[in-house]
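For reference, the chain that follows is the form predicted on its own, supplied as structure tokens.
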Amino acid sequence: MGPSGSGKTTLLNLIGGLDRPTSGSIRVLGHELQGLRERSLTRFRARVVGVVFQDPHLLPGLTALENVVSAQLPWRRRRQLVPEGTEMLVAVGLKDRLNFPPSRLSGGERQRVGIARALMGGRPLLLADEPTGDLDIDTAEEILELLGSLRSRLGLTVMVATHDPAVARTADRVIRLSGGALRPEEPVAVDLAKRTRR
């Protein structure tokens, strides 16, 4: 968590292998990222890290299912991916929207497609960069509840970058950034009644 310009997106991009550090080293789930060639970083992202952006960057000419499947096509065959992509879309509540193009989906539904795409291949780490930034309050709450549910059900580690205190309150752990530096960690008060309802 931190204000605009504090380094949240840069930190997620470094963890996801999208940016390269100017110095130091990065180890993510046992993978040393420094020194990896671009092809190896692409393979790392395909197998280890899913990324959800504020704008899900869906391809307009493809259906929801095709958007989910397309990210893994270089690594696996389509006939393997379609059943898994369908399962992921069902998991995010879009079983009736598989064949809809992005233009026929709401903002929240498009974000759900982005989440389903990020989960393909059983990746254990999900990075979400301001995933509720473009959504209304009710839809944002639905997306946060979905992320919490998926985390529990699939055993994921979910890292969310946000400047919104309401989003931060849903986390088990909050790390604050200021000027690109980590601040001392503060305890998080968790609403157990709310967690139980989820």
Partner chain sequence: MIRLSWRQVISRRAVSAVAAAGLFAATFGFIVLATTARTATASLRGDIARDWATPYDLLVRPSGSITDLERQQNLVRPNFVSGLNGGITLGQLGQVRQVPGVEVAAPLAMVGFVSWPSEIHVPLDSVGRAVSVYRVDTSSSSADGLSSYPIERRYVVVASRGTLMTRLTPYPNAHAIDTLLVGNRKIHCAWPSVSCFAPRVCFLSCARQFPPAPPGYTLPILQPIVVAGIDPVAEAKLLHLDRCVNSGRYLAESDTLSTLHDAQLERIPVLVSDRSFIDDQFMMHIAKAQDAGRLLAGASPTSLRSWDALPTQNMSADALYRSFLPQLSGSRLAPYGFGDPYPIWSAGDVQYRQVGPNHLEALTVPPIQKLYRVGEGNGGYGDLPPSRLVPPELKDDWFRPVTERVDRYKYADPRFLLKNWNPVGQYDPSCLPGFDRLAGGAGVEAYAAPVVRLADGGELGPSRSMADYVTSPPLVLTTLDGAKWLANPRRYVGQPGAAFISIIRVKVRGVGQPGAAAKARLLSVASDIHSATGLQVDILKGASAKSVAVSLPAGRFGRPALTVTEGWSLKGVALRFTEAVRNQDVVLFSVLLVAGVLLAAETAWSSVRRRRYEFGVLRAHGWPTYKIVWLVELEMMQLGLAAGAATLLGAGALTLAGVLPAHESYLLLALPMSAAIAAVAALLPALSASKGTAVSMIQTLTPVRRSRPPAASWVLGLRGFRGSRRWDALLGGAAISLGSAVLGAVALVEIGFNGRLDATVLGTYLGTHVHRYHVAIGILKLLVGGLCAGQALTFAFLAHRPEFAVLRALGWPRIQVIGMILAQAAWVAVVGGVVAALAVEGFGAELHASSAAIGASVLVALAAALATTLLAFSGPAILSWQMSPGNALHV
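Numbering follows the first chain given and starts at 1. As the structure is a computational prediction, the values presented were derived from the model and not from experiment.
Heads up, the form predicted in complex with the partner chain isn't pictured, but that's what we're talking about next.
Visitor: Go through Gly35, Gly155, Pro60, Pro165 and name the one with a heavy atom inside 4.5 Å of the partner chain in the predicted complex.
Guide: Selected option: Pro60.
Visitor: Taking 4.5 Å between heavy atoms as the contact cutoff, choose which of Ala46, Leu29, Ala171, Ile26 touches the partner chain in the predicted complex.
Guide: After the contact test, the surviving option is Ala46.
Visitor: Should the three residues Leu73, Arg117 and Arg123 be counted as contacting the partner chain in the predicted complex, with contact defined as a heavy atom within 4.5 Å for each?
Guide: Yes, all three are in contact.
Visitor: Test of understanding: in the predicted complex, would Asn13 fall inside 4.5 Å of the partner chain by heavy atoms?
Guide: Yes, Asn13 lies within 4.5 Å of the partner chain in the predicted complex.
Visitor: I'd like to know whether Ser40 contacts the partner chain in the predicted complex, with contact meaning heavy atoms within 4.5 angstroms.
Guide: Result no; Ser40 lies far from the partner chain in the predicted complex.
Visitor: Is Pro101 close enough to touch the partner chain in the predicted complex, meaning at least one heavy atom pair within 4.5 Å?
Guide: Yes, Pro101 lies within 4.5 Å of the partner chain in the predicted complex.
Visitor: Hey, in the predicted complex, is Leu65 touching the partner chain, heavy atoms inside 4.5 Å?
Guide: Yes - in the predicted complex, heavy atoms of Leu65 and the partner chain come within 4.5 Å of each other.
Visitor: Would you mind checking 148-182 for residues with a heavy atom within 4.5 Å of the partner chain in the predicted complex?
Guide: Counting only heavy atoms within 4.5 Å of the partner chain in the predicted complex, no residue of 148-182 makes contact.
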